[in-house]
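What follows is a single chain, given as structure tokens, in the form predicted on its own.
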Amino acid sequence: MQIDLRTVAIKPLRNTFDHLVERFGDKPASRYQEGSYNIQQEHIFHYRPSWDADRVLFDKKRTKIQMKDWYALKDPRQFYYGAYTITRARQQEAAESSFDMIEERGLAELIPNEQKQIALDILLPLRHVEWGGNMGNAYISAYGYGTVMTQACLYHAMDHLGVAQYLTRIGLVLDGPDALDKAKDDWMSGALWQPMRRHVENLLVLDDWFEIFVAQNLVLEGLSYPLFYDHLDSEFSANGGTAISMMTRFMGEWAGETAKWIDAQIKVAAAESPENKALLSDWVKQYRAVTLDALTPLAKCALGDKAAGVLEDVLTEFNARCAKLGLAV
């Protein structure tokens, strides 16, 4: 008996889901498109929230920024859950390798005491700033509008927890559990940290979710990450603290990656209308001044006489970045 096998091409009745056909037409969609577009809940709200009866649960009016199409705020990284977790898992493996090498070879013991103390005084309390970043982005994810924006902010919130955990681990490597208690005391009552603590706590009570995005993700991160994980990191490396730089590797890489996403959101929102551009520019100018006031004492403590020059460089780079995004700052 002989059996002949042959290939039969079966044409699919349709190529993707109905909600994607409405936007992209009937053609194969990417995983990012499947998990991001046209899935923002807009109808069938059973009740209005009792704590805000003038608005529906997911309401476009929760921000002063207005967009004709909220799905224009897409993520250039095209992160959906699978792509996000795979990327972070790879980065975590690299970070874990650095920590393992430092602990196995006792490299932390070789760090000069002065550099170690700067790391304990400046880097460790930053984990409380990261917690504020987590809360702010979680708020955006809960009350923002447009899945392409809210899902990316949820990932960003979790990344802030990851950075806080790495900062905690740096403290454990350098000085054990007591370092964490000292950092908390500094955050709660140390004069050096009170401007930053006040700023972070003020961000926690903002109501407009896009204002939080600008104040936290663009301004605070845009000024503080280059200061701590670029300029201060270079000082660590130049003065025998290479092991500290190895432990902050994730932060530097993460800041560069997420800046592309943040810039894309601001650029698209600013180009939408003159009103959006004016509002975004005003927010940047408002929070840039407050953030610089909070960072100045920290920079002086960490960098000494170099602080003023470094802050000026950071500010110049930040202003150029904002101008490139179309803002009038």
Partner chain sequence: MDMQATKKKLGLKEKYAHMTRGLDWETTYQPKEKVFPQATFEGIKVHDWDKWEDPFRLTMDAYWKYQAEKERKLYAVLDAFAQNNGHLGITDARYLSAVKLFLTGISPLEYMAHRGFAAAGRNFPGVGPRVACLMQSIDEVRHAQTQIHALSNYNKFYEGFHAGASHQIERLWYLSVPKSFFDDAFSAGPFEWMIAIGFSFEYVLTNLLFVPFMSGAAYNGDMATVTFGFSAQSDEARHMTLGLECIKFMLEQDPDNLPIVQKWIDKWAWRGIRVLSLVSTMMDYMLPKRVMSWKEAWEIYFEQNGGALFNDLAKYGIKVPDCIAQCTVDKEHQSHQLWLTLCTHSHAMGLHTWLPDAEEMDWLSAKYPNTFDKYYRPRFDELRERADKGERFFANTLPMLCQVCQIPMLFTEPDDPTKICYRESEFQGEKYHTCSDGCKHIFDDEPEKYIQAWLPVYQLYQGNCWPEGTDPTAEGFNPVAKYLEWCHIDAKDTGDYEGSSDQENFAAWRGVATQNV
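What you see is a predicted model; the values in this text were computed from it and never measured. Residue numbers count along the first chain shown, from 1.
Just so you know, the form predicted in complex with its partner chain exists too; it's not on screen, but the next bit is about it.
S.K.: Is there any non-hydrogen atom of Gly82 lying within 4.5 Å of its partner chain in the predicted complex?
M.R.: Residue-level check for Gly82: yes, a contact with its partner chain.
S.K.: Should Ser98 be classed as touching its partner chain in the predicted complex when contacts are defined as heavy atoms within 4.5 Å?
M.R.: Outside the cut-off, so no.
S.K.: I'd like to check something about Ala289: if you look in the predicted complex, is any of its heavy atoms closer than or equal to 4.5 Å to a heavy atom of its partner chain?
M.R.: Flag for Ala289 set to no.
S.K.: Would Ser141 show up as a contact with its partner chain in the predicted complex if we use heavy atoms at 4.5 Å?
M.R.: So Ser141 counts as contacting its partner chain.
S.K.: Consider the chain as shown here, without its partner, and state which of Ala72, Leu154, Met246, Ala259 has a heavy atom within 4.5 Å of its partner chain in the predicted complex.
M.R.: By the 4.5 Å criterion, the partner-contacting residue is Leu154.
S.K.: Just give me the single entry in Ala271, Ala278, Cys301, Leu57 that has a non-hydrogen atom within 4.5 angstroms of its partner chain in the predicted complex.
M.R.: Contact residue from the list: Leu57.
S.K.: Can all three of Leu110, Glu211 and Asp230 be found with a heavy atom no more than 4.5 Å from its partner chain in the predicted complex?
M.R.: Contact check failed for every one of Leu110, Glu211 and Asp230.
S.K.: Any residue of 46-65 with a heavy atom within 4.5 Å of its partner chain in the predicted complex counts; write them all down in order.
M.R.: Residues within 4.5 Å: His46, Tyr47, Arg48, Pro49, Ser50, Trp51, Leu57, Phe58.
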